[in-house]
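Take a look at this one chain, the form predicted on its own, written out in structure tokens.
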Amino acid sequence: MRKIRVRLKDRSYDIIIGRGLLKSLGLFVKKLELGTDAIVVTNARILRLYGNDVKRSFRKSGITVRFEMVPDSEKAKSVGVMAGLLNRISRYDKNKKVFLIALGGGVIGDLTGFVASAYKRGIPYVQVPTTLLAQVDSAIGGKTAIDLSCAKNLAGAIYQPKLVLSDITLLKSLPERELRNGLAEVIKYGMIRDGALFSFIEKNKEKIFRQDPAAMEYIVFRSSTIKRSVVEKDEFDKEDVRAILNYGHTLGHAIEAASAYSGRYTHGDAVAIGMLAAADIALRSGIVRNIPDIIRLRRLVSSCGLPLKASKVRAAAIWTAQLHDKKHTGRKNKFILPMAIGKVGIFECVPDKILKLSIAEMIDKRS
């Protein structure tokens, strides 16, 4: 078991990474003294897999448990689902001391965290991420959100969990598509901060896809450590430090929005294409001159089974969607662009001409 402390003054918490941790969830939570009544937000598939373990763990610790079901898709991050969840929690919360558990992937984590921040102006919550993407990225740092019709994650809050419990044995239940989904974020960490992590993925892809325990624990630990270090320096995304975590996300989110969150692209698929598009922008702008690094990125994305281009989506729709990106201020756009493996920079006012050429390059002309 490995423990990483996220040091944010009175909002500090631990990320605990290891194997077989879920059965001790109740014990971990009881030590935190969050409350007496756990409300576990999850979906039907995860409940079937892990519901009994969670129930037994809490009962052993003398904590009552109630499960709240949400859709198993991005549709869970909607105003309607959030409002329904808030109403059900309020009806249940009589003579109780409730706290929330996000048991699931990034969608459930984002939704649960935002609900926790809003209910009674803030109640405690714990992240128990069940996907690679959530364990390495979305469960850490307190960014919570739901989607609005014009773009993803437009309504939300930065609200820290009390604990992140990353049990890598839960990843065994993931289909390969979900493993690739999370691996895109791990590649992102290698690109923004850690050339050694990038090289590790290049050399150990087979072990990762076999879910070798040591390899999985390493990539979750390294990615979590990188995110921790960034969040500690810029918790509220005000200092342009945390922005580097959005490498590949500006145009990645635009792809998801342009495809109406249809599920055609996982978040990792979209981020992979977005990372390559950002590299294209950097090349056209003369920001990156180390062409071999960009070739390595392209090869790694491809060899991990992630897409290089977007199909069945219009360049015009991507252009419109990226205009809603939260990093843009007024008429000034802002992009995280690669300078070399392990180093990115923040660049404003990318010319529309270059941006439109790179968006056009993202599209698979055969579709």
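The numbering used is simple: start at 1 and walk along the sequence shown. Owing to the predicted nature of the structure, the values given are computational and were not obtained by experimental measurement.
This next part talks about the form predicted together with a small molecule, which is not shown.
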{"query": "Heavy atom within 4.5 Å of the small molecule in the model of the complex - residue from 237, 232, 217, 72", "finding": "72"}
{"query": "In the model of the complex, the one of 269, 93, 178, 194 near the small molecule [non-hydrogen atom within 4.5 angstroms]", "finding": "178"}
{"query": "is_contact(residue 61, the small molecule) in the model of the complex, heavy atom dist at most 4.5 Å", "finding": "no"}
{"query": "Contact label in the model of the complex: residue 199 to the small molecule, heavy atom within 4.5 Å", "finding": "no"}
{"query": "In the model of the complex, residue 170 touching the small molecule (heavy atom, 4.5 Å)", "finding": "yes"}
{"query": "4.5 Å heavy atom contact, residue 312 to the small molecule in the model of the complex", "finding": "no"}
{"query": "Contact segment among 81-89, 217-225, 113-121, 98-106, judged by heavy atoms lying within 4.5 Å of the small molecule in the model of the complex", "finding": "98-106"}
